[in-house]
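The chain below stands alone, shown as C-alpha cells; this is the form predicted alone.
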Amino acid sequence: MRATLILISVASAFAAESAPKAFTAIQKRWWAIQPVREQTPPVATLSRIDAFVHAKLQGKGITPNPSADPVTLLRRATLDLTGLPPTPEETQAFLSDRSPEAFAKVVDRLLASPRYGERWGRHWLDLARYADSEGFKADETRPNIWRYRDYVIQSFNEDKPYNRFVQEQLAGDEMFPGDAQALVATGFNRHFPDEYNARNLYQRRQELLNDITDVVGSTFMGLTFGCARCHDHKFDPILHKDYYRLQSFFAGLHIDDQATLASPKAQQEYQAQLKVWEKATFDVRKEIASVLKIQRDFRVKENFDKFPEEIQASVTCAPEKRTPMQWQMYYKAMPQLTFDDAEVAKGIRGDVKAAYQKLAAKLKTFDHLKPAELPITQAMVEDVAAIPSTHVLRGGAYDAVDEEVQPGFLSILDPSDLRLPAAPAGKSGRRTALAKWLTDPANPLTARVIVNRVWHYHFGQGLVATPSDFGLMGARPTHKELLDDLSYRFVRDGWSIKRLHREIMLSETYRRSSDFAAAAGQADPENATLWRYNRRRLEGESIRDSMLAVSGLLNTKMNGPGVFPPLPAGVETRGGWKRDESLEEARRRSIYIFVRRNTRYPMFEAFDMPDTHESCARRNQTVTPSQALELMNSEMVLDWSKGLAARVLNDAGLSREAMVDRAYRLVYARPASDDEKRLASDFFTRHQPILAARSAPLVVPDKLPSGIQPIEAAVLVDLCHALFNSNEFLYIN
C-alpha cells in the first residue's frame, strides 16, 4: 500500500511539472512585483522619510532617540560616505558652523570627495564578485580586470545615473558602441570564477552562464533565480523556463581579454607602426618561429589531444561551416592552444635555448620601432555567429536538453517572447532589450532593489533585510510605503544615487543616536521601526584605511593595477603575490589591494571579507578572537601606531596631557575627557618601568623631537595602539 502511494505521489509530481503553470493568487499579489507608486506622507510637517518612519513608531507607541551629538554625527557621516574618519580640521569647521545647513554642507562636501567613489564602489564590487584572479586550482591573474574596478569608482564619483550604470554593465558594447568605459563596464559579467584549462568545455560554458544568470537576477532584480535552475522555484513565481529565458540573453557572450580601449585613430596609428616593426623584424621572427616550432607544436598537440572529439572538431572545422555552438567551443578552446614565444621557450633546453636567447636579444634591438601597447580591458562581448539556441535543462544538467526557449522576462510580469530591438552590426540586441526592460520606469524591481541596497549600507539593514532576496521566503519590507516612495522619486528624479544619499542622511531617522533605550528596546528589540541608529562595526578595508589616514600614512593615489601590501610570515598564495611592492604603494586604499580569489588578504579575511567566488549582498558582522589578535599582533598595525605617535609628537608639543588630547582628537574626532586624561597619565607612569625591564628594543617613531625620551615615545606608541584597538574607533556609532 505504501509503495502504491509513493508511485501515485511521484506520478502526480511529474504531471504537475508538465502541466502549464498557473500562478496562485498569493503569487500574483506578491508585493515586489506590484507597480511602484508615489505615496502620500502620513505626516505633512516632517520630511518624507521621517513621516513614514514616525507613523510606524507612533503605531507601536515607541519614542525614538534624539539626534546624536555633533561629533558622533560627523564621524558617522564621514565614515559612511568615505570610509575614513573626519580630520580634526573638519571636526572644528563643523562645530564652528552654527547655520541650520551645517550638516547638509558636510554631506555635500563628502559626496563631492573622490573618497566617496572608493567607499561606495567597494559595496558594488561585493555584488559584482570582483576579483583580480580566476579562482579554482591555479588562480591565475586577470591582468587587466582592474579597469572595471576603476570604472565603478569613477561611476559613483560622477553620480552616473543608475539606469545608465546598469545598461553599461549588461550591454555597454551594444548600447554605447565606441564608448571605452561602456566596454570596460561589460566586465561585470566577466567576474565569474573560471578554470581556464577545463577540458569539458560544454560543461564549463554552462557553468559560466549559470553564474551570470544567477548574479544578474540577484544583483539587479533581487531574486534568487538560481533556485529555478533545476525546476520551478519552490516559493517564488519564477518558472524553470524563466531561468533559461533570462540565460538566453547571454547565450552569445564570449570572453575577450584583449578588448582594446583605444580610439579608431589610435588603433590605425598603432597598426601602421606595427607594420614597420614587423617588416624590420621579419627575418629574426621567422628564425625564432623555426627554433620554437617543435616545442610549440608539442604544446599545441598536447593540449589539443586532451580535448573531447567534439571540441577538436570545433577547432578544426572550417570557419564557414561552424555551427553557433562550435563557434562558442572554438572561442573557449583557442586560449589553450595559443602560446606566445616566452611561454613556449620555458620548455626548451640546451643548444635550442641558447639559440632562442640569442635571437630574442637580437629582436629586442628593434624595440625602438615597436609601438607602445594599446590599453586593453577584459570584457564579455557577443558574436552573432555564435549564439546557440537555449534550452531548458532537466535538473540543470548541461547535457539534459529539453524544450527550446527564447530570451524573455519573468513570466508573471511578461510571458511573451521578446521582440529584439535594432542593434549595431555584429550584435543581436538581446542584452540591450534586457537592460532596457530592467531600467524601464515601469519595472517594479530594479529601483526598489537599489534603493533598498543604499538604505542597507547606511543603516546596516535594509528596509528589506534580505537585499538580494525580495522573494516570498525573503524578509518583508518594514516600511513598504517608504520604500515605494523613495523608489518612485529615485526614478522620477533621474536615478541619482547621490541625491538619494542626501535625502536619507538629512533625515531625523539617520541622525538619531545609537544609545539603547530600555522601553523602546523592549517594544522593538530588532529596531525594525528605526527608533535608533544601528551601531555597527567597520569593514576590514575601512579599519585599515582609517588607521592609515589617522597615522598620516595613507597614500590617496587613485586607479591602476592592484597593489600588494606585505603578507604575514607563512602566508603563501597560489598564483603569486608581488613581494617587492614599495612601501608607498602598499599604503594605498584597500580597494586597490589585489584580490587573489583563493587567498583573501589576511586582515580582511579576519574581518569578514566575502568569498569573491559569489555575489555578496550583505557582509557578516562577526566578533571573533582572531580579529583582536589581528589588531594586537599585526606588525603593520604596530607600524601605523608608530606613525600616529610620530604625528602626535610633531603636532602636540611636549606635555603629556597635550599628547594624549591630540591622539584622542585624531583617532576619535573629540578631545579626551578628564577621566581619560587621568587614565592615560596613569598608563604612562605604570607602563614605563614595564618597557624598561624588557630586553626587546623599544618600538618608537623613526625621528623623535628633542626633549622626548625614547621610553616615553614607546609608551605613546602603545597608547596609540590601544586606541586603534578600541570599539569607539572600530565601530560606526
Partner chain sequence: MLQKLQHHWPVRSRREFFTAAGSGLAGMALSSLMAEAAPRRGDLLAARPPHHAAKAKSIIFLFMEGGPSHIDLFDPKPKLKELHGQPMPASYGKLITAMGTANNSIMASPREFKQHGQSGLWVSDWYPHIAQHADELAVLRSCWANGLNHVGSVCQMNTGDILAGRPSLGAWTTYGLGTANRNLPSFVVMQDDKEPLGGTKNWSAGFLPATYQGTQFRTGDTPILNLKPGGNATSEQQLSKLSYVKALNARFGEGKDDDTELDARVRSFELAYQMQSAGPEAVDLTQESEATKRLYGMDDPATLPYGRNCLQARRLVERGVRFVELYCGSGSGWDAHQNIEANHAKWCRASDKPIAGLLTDLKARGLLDETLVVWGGEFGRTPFNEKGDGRDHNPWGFSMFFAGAGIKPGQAIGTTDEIGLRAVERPAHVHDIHATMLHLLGMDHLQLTYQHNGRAERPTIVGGSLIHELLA
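Since the structure is predicted, the reported quantities are computational estimates derived from the model, not experimental observations. Residue numbers count along the first chain shown, from 1.
Form predicted together with the partner chain: not shown, discussed below.
Undergrad: Would you mind picking out the stretch of 287-295, 181-189, 130-138, 339-347 that comes within 4.5 angstroms of the partner chain in the predicted bound form, counting non-hydrogen atoms?
TA: Residues of 130-138 come within 4.5 Å of the partner.
Undergrad: Please tell me whether any heavy atom belonging to residue 623 falls inside 4.5 Å of a heavy atom of the partner chain, as the geometry stands in the predicted bound form.
TA: Judged by the heavy-atom cut-off of 4.5 Å, residue 623 is in contact with the partner chain in the predicted bound form.
Undergrad: Do residue 306 and the partner chain share at least one heavy atom pair within 4.5 Å in the predicted bound form?
TA: Output for residue 306 is yes: heavy atoms within 4.5 Å of the partner chain.
Undergrad: With heavy atoms only and a cut-off of 4.5 Å, decide whether residue 474 touches the partner chain in the predicted bound form.
TA: Yes, contact at 4.5 Å.
Undergrad: Would residue 571 count as a contact of the partner chain in the predicted bound form, using a 4.5 angstroms cut-off between non-hydrogen atoms?
TA: Within the cut-off, so yes.
Undergrad: With the partner left out here, if you bring back the partner chain in the predicted bound form, are 516, 687 and 730 all within 4.5 Å of it by some heavy atom?
TA: Yes, the whole trio is in contact, each within 4.5 Å by some heavy atom.
Undergrad: Looking at 176, 235, 366, 270, which is the one with a non-hydrogen atom within 4.5 Å of the partner chain in the predicted bound form?
TA: Selected option: 235.
Undergrad: Consider the chain as shown here, without its partner, and state which of 389, 416, 633, 263 has a heavy atom within 4.5 Å of the partner chain in the predicted bound form.
TA: It is 633 that has a heavy atom within 4.5 Å of the partner.
Undergrad: Can you name the residues of 679-706 that have a heavy atom within 4.5 Å of the partner chain in the predicted bound form?
TA: 679, 680, 683, 686, 687, 690, 691, 694, 696, 699, in sequence order.
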